[in-house]
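The chain below stands alone and is given as structure tokens, in the form predicted on its own.
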Amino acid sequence: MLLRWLLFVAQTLVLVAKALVGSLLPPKRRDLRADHVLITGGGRGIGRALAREFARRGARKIILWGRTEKCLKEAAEEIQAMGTECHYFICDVGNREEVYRQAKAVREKVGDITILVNNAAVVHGKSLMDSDDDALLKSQHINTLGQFWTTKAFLPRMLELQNGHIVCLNSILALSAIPGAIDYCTSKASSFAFMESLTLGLLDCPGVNATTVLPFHTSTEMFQGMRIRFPNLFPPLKPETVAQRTVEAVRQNQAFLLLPWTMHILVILKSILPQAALEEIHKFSGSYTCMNTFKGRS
């Protein structure tokens, strides 16, 4: 028993040392030239920026899913103008039957998906008591359950091919919730647990990996009107920045990515400070009231 414990400690230290060395030396990056990338919520915002970034990095085909044909068509034309083959399909990821139906259509028209980017999300932006029940359900269906359906639709073939990557565009609100967005925070926390479990479940699956991205507030129309007390100290991220860092994380096979790096401090503080102190930080930083001016879209 003692020998097993010593071996476990030694293996852990070796992996920590390996990670430290890997952070200093450039790792081997995934070549995207043979990849078919499917992005949910790909018509605008971060999804559209991701489509452009994957195209720039040489992805063979880009497939966009979304609920608004106008946005999808414009995004697809933009990607095609960059010289990359691009297709779009109207699909509500919160609808299980629709996901499975469109996944089959993608396979028949485009081929196997090797990178799935779960980016689609909505936010109701109200307190629990002010929220409409249907709007609350919509957030859970799209932000959380949608990932179940898309992953179940495409992961089996990735496992067969021993080639695939599941990506989740999550949010730092999955780890540190705020008032006024209870639907979004809850769904993102569930989504994070889903990806954490999935990532561990893929440890013995060669060639198939997962990446979870947890960005700070990003300047898209979805969170339009949200106000942080110190915008110069904590400026919102640009969609292009999130897209660039996400694609790089996929190429490096990075399991979890917090943006910006200062979000690591938030996670550490939350794990060591008492609740009363955390509440004061929320009030001082303005996150306690940042959704009061929310005007975003769902």
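In this text, residue numbers run from 1 along the sequence as written. Owing to the predicted nature of the structure, the values given are computational and were not obtained by experimental measurement.
The next section is about a form of this same protein that is not shown, the form predicted in complex with a small molecule.
At least one heavy atom of residue 184 is located within 4.5 Å of the small molecule in the predicted bound form. In the predicted bound form, the small molecule stays beyond 4.5 Å of every heavy atom belonging to residue 136. Proximity of residue 215 to the small molecule in the predicted bound form: non-hydrogen atoms within 4.5 Å are present.
Using a 4.5 Å cutoff between non-hydrogen atoms, residue 262 does not count as a contact of the small molecule in the predicted bound form.
Interface residue among 61, 44, 251, 52, judged by heavy atoms within 4.5 Å of the small molecule in the predicted bound form: 44. Residue 220 is the only one of 163, 140, 220, 151 with a heavy atom lying within 4.5 Å of the small molecule in the predicted bound form. Only one listed stretch (118-126, 153-161, 195-203, 80-88) carries heavy atoms within 4.5 Å of the small molecule in the predicted bound form, and that stretch is 118-126.
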